[in-house]
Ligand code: SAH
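Just the one chain here, the form predicted on its own, laid out as structure tokens.
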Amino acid sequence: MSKKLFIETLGCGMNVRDSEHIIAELNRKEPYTLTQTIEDADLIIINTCSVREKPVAKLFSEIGIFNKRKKEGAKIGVTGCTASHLGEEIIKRAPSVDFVLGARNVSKITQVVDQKHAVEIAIDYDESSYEFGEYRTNPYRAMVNISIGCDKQCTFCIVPATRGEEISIPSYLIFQEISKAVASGAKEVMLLGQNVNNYGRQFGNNEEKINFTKLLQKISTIDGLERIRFTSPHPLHMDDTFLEEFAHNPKLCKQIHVPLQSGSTAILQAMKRGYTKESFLNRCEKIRRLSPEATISTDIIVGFPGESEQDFEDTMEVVERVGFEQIFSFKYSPRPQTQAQHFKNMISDEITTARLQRLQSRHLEMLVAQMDAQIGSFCQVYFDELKPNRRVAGRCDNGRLVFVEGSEALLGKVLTVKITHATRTALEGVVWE
């Protein structure tokens, strides 16, 4: 009989893919069946995120809850970014944890799962050429890592300390992985990396000379692959050649994430982001000009140390000028192993909360207008998920989520949909014959 695995995934798309890799590697050793019931699990894994403070605080409370609910003999493992930066401290604080596996050590899961209190967290470990087993949560779309780690030094970000130096995965492995996914029924791929458009800066043992634009061109030749998405690109590496490829390659979905973080050049400099307010606006304006149908999403941190009222006004100005279709906005959260945790001039929670509310309120107004404007329009939707109550979900080329009434017969198909209703987060429509 196969063992049962309960796995909770927190954080970004890379963590989602890491969880898929963990499942695939475990099944190479012995069969595991996924379960949503903690009490049934033989192995419980929490795949953690450390980008913000709340998920870290949540970890230890969940370990306690899981330890009380698990059956006798069941193991608990902590993986991911928090595992990388806390390491042995996790076991010291929670001895019920059986092993700790860092975000740069996913391929070692079968080595640590049977070693009591094993800790593998080396951030210089190179998995870039490792061929993981095959497992995908959704057979209709594939998530594929194209690089590991990060070479930036953003003063607010803990990722370089948890995922290590940036190394690109050889293009032949990426091509091979996507080809296998397409052969299994996937028509869409999401390319993952901390800074995808910095691809090719450094390889492990491979001296291949290929950048992100050329990688996109190479992947586009795969027969049966209809849609390519990627996240996240960095504004610093959005050269004209890349933006031209984004606009004119028909397989590249017209959805792009351009992380702003702040609209103030002074704050961007303190964050060590490497670009200015003006250069950021220039890149977004070029995207709008080359690809008017594209949607642009972004990240914004409010209340970074030293952020003045004028700095925040600069952020609001960028929001107005770009008209982002989606914003992921957060209060600044001091993180360990970052430069900004030692900065002075911290902004009070009262001021930060007021600014965040103002930002989110204004963007909500913009979002409602943007979504309502879609009513009556037509879009090509790739259906990849069955929902309750005879609803099927998919996304337009530009990334907007669409629901229609239907059955699993729609899954894996790209169909024309007329939009009939809009909410803040999704569109509803009917398949147009």
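Everything numeric in this text was worked out from a predicted model, so none of it was measured. For every residue, the number given is its place in the sequence shown, counted from 1.
What comes next is about the form predicted together with S-adenosyl-L-homocysteine, which is not displayed.
In the predicted bound form, no heavy atom of residue 265 sits within 4.5 Å of S-adenosyl-L-homocysteine. S-adenosyl-L-homocysteine in the predicted bound form is approached by residue 261, whose closest heavy atom lies within 4.5 angstroms of it. Interface membership of residue 52, defined by any non-hydrogen atom within 4.5 Å of S-adenosyl-L-homocysteine in the predicted bound form, is confirmed.
Looking at residue 189, you'd find every heavy atom of it more than 4.5 angstroms from S-adenosyl-L-homocysteine in the predicted bound form. Residues placing heavy atoms within 4.5 Å of S-adenosyl-L-homocysteine in the predicted bound form fall in a single listed stretch, namely 293-301, out of 293-301, 103-111, 81-89, 242-250. Between S-adenosyl-L-homocysteine and the residues 331, 286, 75, 227, the one pair within 4.5 Å by heavy atoms in the predicted bound form involves 331. In summary, among the residues 156, 324, 212, 312, the only one with a non-hydrogen atom within 4.5 Å of S-adenosyl-L-homocysteine in the predicted bound form is 156. Annotation for 1-28: no interface residues with S-adenosyl-L-homocysteine in the predicted bound form [heavy atom within 4.5 Å].
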